[in-house]
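To begin, one chain is listed below as structure tokens, in the form predicted alone.
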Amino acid sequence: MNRIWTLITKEARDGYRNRWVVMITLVMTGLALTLSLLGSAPTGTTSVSPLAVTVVSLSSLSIFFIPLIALLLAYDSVVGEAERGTLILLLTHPVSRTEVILGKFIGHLFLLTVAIVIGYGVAGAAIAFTGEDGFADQEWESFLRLLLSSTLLGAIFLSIGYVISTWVTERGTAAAVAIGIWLFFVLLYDMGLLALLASDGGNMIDGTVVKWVMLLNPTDSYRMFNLTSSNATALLSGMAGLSADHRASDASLILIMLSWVVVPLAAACAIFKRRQL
């Protein structure tokens, strides 16, 4: 445990030293504030909480932004050190390869969590204090769900990034694969599903099949978890008409997202154990 803790603190120090955390936090805070302030503008004539609008806006931002940041943090964590020759030096110490992966993963997850909590927290606090509703009357439960699930979304793509980094042998290849993974899960998957539904015309594919196909994508699980968390967020996101039969429970969504963390991380550990340096 002490060895893993040493690796965690090393990754955290490296993140602060190369300004990754500062840059990510500033960018995330700026984007979150912009979306929150612009998105909450029309709620003055409605009964919807401005923080609920913020949750919907930040959920859309997270789906595009957090997976990209996580993949950029993780894609060269192993292959980059192998190219620089520092990985062999690290493994000369009494530390197992599984401990190396776990230490790096937790360290990167800590950095990403700091950026999410600060960036989204500043935006949420700004909306809550400037809104017409009282501070305690805001949609804080939905906002806390957003913070938790955003951290989990980051962990998912960190795990996928470690699979890439332990699998490929060149840093450039790892970067290309990481961008391809991001494009597939964030853009191409839903576009392909939409094209399939349009071509089918609702004749063969029913709503239950669509739901489970969507849940195979971690970004769709994340979207469903946040946008159906309350009546306000469901109404604002256009998901209020989703029938009870086509909704997934919170427990199943969390379980799906946790599986997307554990399975790729275990695969990365297994691949790294067999990797020749």
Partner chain sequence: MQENSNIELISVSKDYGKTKAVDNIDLMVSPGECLALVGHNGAGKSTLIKMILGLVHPTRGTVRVMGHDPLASSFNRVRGRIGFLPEQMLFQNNMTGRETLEFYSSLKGVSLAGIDDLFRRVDLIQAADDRISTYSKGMRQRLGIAQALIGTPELLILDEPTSGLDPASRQNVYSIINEAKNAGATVLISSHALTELDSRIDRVAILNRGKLVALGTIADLRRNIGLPSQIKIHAPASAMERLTQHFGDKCLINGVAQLSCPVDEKVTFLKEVMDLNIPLTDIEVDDPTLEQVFLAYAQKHEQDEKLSGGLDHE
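Residue numbers count along the first chain shown, from 1. Since we're looking at a predicted model, the values are computed, not measured.
What comes next is about the form predicted together with its partner chain, which does not appear here.
Visitor: Hey, of 249 to 257, 7 to 15, 21 to 29, 262 to 270, which bit sits against its partner chain in the predicted bound form at 4.5 Å between non-hydrogen atoms?
Guide: Only one stretch passes the 4.5 Å heavy-atom test: 7 to 15.
Visitor: With the cut-off set at 4.5 Å between non-hydrogen atoms, does residue 91 touch its partner chain in the predicted bound form?
Guide: Although its partner chain is absent here, residue 91 would touch it in the predicted bound form, with heavy atoms inside 4.5 Å.
Visitor: Just to confirm, residue 173 within 4.5 Å of its partner chain in the predicted bound form by heavy atoms?
Guide: Looking in the predicted bound form, residue contacts with its partner chain do not include residue 173, since no heavy atom lies within 4.5 Å.
Visitor: Mark residue 145 yes when one of its heavy atoms lies within 4.5 Å of a heavy atom of its partner chain in the predicted bound form, and no otherwise.
Guide: No, residue 145 stays farther than 4.5 Å from its partner chain in the predicted bound form.
Visitor: Is residue 96 part of the interface with its partner chain in the predicted bound form - any heavy atom within 4.5 Å?
Guide: Yes.
Visitor: Quick one: in the predicted bound form, does every one of 72, 180 and 223 get a heavy atom within 4.5 Å of its partner chain?
Guide: No, the whole trio is out of contact, none within 4.5 Å by any heavy atom.
Visitor: For the stretch 153 to 181, return the residues whose heavy atoms include at least one within 4.5 Å of its partner chain in the predicted bound form, in the order they occur.
Guide: Residues within 4.5 Å: none.
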